[in-house]
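What follows is a single chain, given as structure tokens, in the form predicted alone.
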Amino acid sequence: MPREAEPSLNEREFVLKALQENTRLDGRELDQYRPLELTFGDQYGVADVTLGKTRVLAKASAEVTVPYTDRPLDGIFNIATELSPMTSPAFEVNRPTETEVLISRLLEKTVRRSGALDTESLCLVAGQKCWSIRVDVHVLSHDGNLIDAACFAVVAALRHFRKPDTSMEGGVLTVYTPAEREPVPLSWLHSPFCITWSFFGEEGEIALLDATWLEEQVRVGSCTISLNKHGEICQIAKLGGTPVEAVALLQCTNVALSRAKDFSAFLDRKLAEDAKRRDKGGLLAELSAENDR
């Protein structure tokens, strides 16, 4: 199995020495994120997220299907991740790596199991028909902190997505095209975000946010905290590595709440800007014969 080229001993020593002096290679503070950019596509449900040199594209789609027999009143919601060899030589087609499995599980716990999307609202006919919502996550460029970028892209895509409107008359389900009826947004309950801390030093005494790929290669442990702007924690994932003091984790959680509020405000602003861009003024504006001069 191909492996990513590891940093040399000199690079490791340089990064660790700089962190001990509270200095990062790109000049950021220890609790500072790289510049975050979000672009929505022409279609509803397409979100392109750039975090420094890390870039993730998420696309939401919907289709009518049969619900699970044990959940006849719920719709179906799935998240699929793809890490292609274009992203890194360590990734192969149809052979999920540990990183890909980890991202899938964390996104599953953060977004799906936290009840961010109301799956009961996706039910069309109990036990017979429901909406199946699927989000495909494509990593286009990998420079560290894929989990945070992927989670933000998934939440942005779902909040931006619009599914076709439906009606039920005489037991017949009708799905309308966008030309017939305006698509409707999903029933969204809260917006959880992943905040990943990386720990450095022999005892993990140095903690920083939004590690780059080089910093990830040097760290001795990491912890991903998923929470929304109200401070409701969805999950905390500390997968191995050097043990961290409980007090340090509490401090990390307080900073993570502040970052989650920033992410939520940033996403709300971007969604409002996109809605304003798409708003042509209603039917009268479409029927108007005036043109821009």
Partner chain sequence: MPLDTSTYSLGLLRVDGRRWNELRRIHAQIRTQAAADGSSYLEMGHTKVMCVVTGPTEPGPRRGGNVGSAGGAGAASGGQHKDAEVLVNIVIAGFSSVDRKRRGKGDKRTLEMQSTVANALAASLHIHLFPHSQITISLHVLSQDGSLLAALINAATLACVDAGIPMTDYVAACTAGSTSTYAANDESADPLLDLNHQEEQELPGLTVATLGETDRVAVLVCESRVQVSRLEGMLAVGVDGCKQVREILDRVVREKGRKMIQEGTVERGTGLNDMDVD
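Numbering follows the first chain given and starts at 1. Remember, it's a predicted structure, so these values are computed and weren't measured experimentally.
The same protein also exists as the form predicted in complex with its partner chain; that form is not shown, yet it is the one meant from here on.
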**Asked** Since the chain is shown here on its own, which stretch among 241-249, 261-269, 55-63, 42-50 would lie within 4.5 Å of its partner chain in the predicted bound form, judged by heavy atoms?
**Response** 241-249
**Asked** Looking at the partner-bound form in the predicted bound form, is residue 38 within 4.5 Å of its partner chain by any heavy atom?
**Response** no
**Item:** Proximity of residue 232 to its partner chain in the predicted bound form, heavy atoms at 4.5 Å
**Value:** yes
**Request:** May I ask you to check whether residue 169 falls inside a 4.5 Å heavy atom distance of its partner chain in the predicted bound form?
**Result:** no
**Message:** Taking its partner chain as it sits in the predicted bound form, is residue 109 in contact with it (heavy atom to heavy atom, 4.5 Å or less)?
**Reply:** yes
**Item:** Answer option from 121, 141, 132, 104, heavy atom within 4.5 Å of its partner chain in the predicted bound form
**Value:** 104
**Prompt:** Among 92, 82, 98, 180, which has at least one heavy atom within 4.5 Å of its partner chain in the predicted bound form?
**Reply:** 98
**Stretch 22-51 - residues with a heavy atom within 4.5 Å of its partner chain in the predicted bound form** = none
